[in-house]
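Next up: just one chain, as structure tokens, the form predicted on its own.
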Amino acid sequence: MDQIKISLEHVSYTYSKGTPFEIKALDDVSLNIRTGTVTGIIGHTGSGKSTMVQLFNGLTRPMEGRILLDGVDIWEKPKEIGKIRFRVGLVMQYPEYQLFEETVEADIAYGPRNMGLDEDEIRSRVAEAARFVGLSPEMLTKSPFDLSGGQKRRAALAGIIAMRPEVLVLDEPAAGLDPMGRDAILNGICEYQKESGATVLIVSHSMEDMARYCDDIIVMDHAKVRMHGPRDEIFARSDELIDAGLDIPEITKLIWLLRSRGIDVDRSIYTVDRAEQELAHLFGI
């Protein structure tokens, strides 16, 4: 049986409750996140994704329901919620705007230093985190404001990774980056997950990213969980994804086109590698 790392139990959250501007962001949401997996969270704008990720590390408190980390309510001791934020690292959209120290190294070290670690351990963690995100030692001595946009994003991510969170939650970590920048960020995140065994949650609008990097996928729709399961199962339900206002990977669209032309190819394909294998087998290449 899979071990569960973090759970939501009947969680609801409403913005501006009791006013004419009331918006229900989450409506009686329950789900379990498996330990040591990469879980993608997708959904149309306003579906509740960003609210959910803020709940995971206690940045926002649910109005109803509970958030459980290793089976324990994270709000059981409200005065100790800061300890939860070391265990569940949250990277918000455009985290590079949160850089503030004089050097990249000092910025990455900020979290570990607040954890009360000694200087040797801090230096070790800074070097490790920089390696995961692809920052060279030379970059660590620079001001974060002298870096490119993509490099700033990596530095901000390294600052969270340096705290070695058990759960790493990322809200659109590759937003606004070019394809090479996207790959660098997401590959680094997955490398961290593999080496550390952390549980990772990634919010993204990119179905290609979900297909390429995630083990499980949560589909949000109008403040509720519409689908949640292994990646293969979710992408096999492409009709429902489209009905939820989401796109599907371009390669899946190509597969559907081939099927419409009478070619008997597996309709659940969602990656280029898998499509190459299927077509090579089909045509005896």
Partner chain sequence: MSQPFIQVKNLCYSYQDDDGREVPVLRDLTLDIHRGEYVVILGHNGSGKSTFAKLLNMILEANSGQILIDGKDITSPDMTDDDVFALRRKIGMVFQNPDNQLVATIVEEDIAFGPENLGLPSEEIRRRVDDALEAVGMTAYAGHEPHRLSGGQKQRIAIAGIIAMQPECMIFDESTAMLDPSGRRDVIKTIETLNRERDITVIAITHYMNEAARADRVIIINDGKVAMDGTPNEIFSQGERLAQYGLDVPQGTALIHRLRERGISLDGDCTTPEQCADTICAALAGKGEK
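Quick caveat, the model's predicted, so the values are computed rather than measured. Residue numbers count along the first chain shown, from 1. The term rigid core refers to the most C-alpha atoms you can superpose between the two forms while keeping them within 1.5 Å.
This next part talks about the form predicted together with the partner chain, which is not shown.
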{"item": "Segment that reaches the partner chain in the model of the complex - one of 61-69, 27-35, 254-262, 223-231, heavy atoms within 4.5 Å", "value": "254-262"}
{"item": "Proximity of Arg182 to the partner chain in the model of the complex, heavy atoms at 4.5 Å", "value": "yes"}
{"item": "is_contact(Val11, the partner chain) in the model of the complex, heavy atom dist at most 4.5 Å", "value": "no"}
{"item": "Touches the partner chain in the model of the complex: Glu276 (any heavy atom, 4.5 Å)", "value": "yes"}
{"item": "Non-hydrogen atom contact Gly134 with the partner chain in the model of the complex at 4.5 angstroms", "value": "no"}
{"item": "Partner-contacting position among Asp73, Glu191, Asp178, Asp215 - heavy atom within 4.5 Å of the partner chain in the model of the complex", "value": "Asp178"}
{"item": "In the model of the complex, the one of Glu195, Asp146, Glu121, Glu80 near the partner chain [non-hydrogen atom within 4.5 angstroms]", "value": "Asp146"}
{"item": "Interface residues of 2-36 toward the partner chain, as seen in the model of the complex [heavy atoms, 4.5 Å]", "value": "none"}
{"item": "Cα displacement of Gly262 between the shown form and the other one reaching 2 Å, rigid core superposed", "value": "yes"}
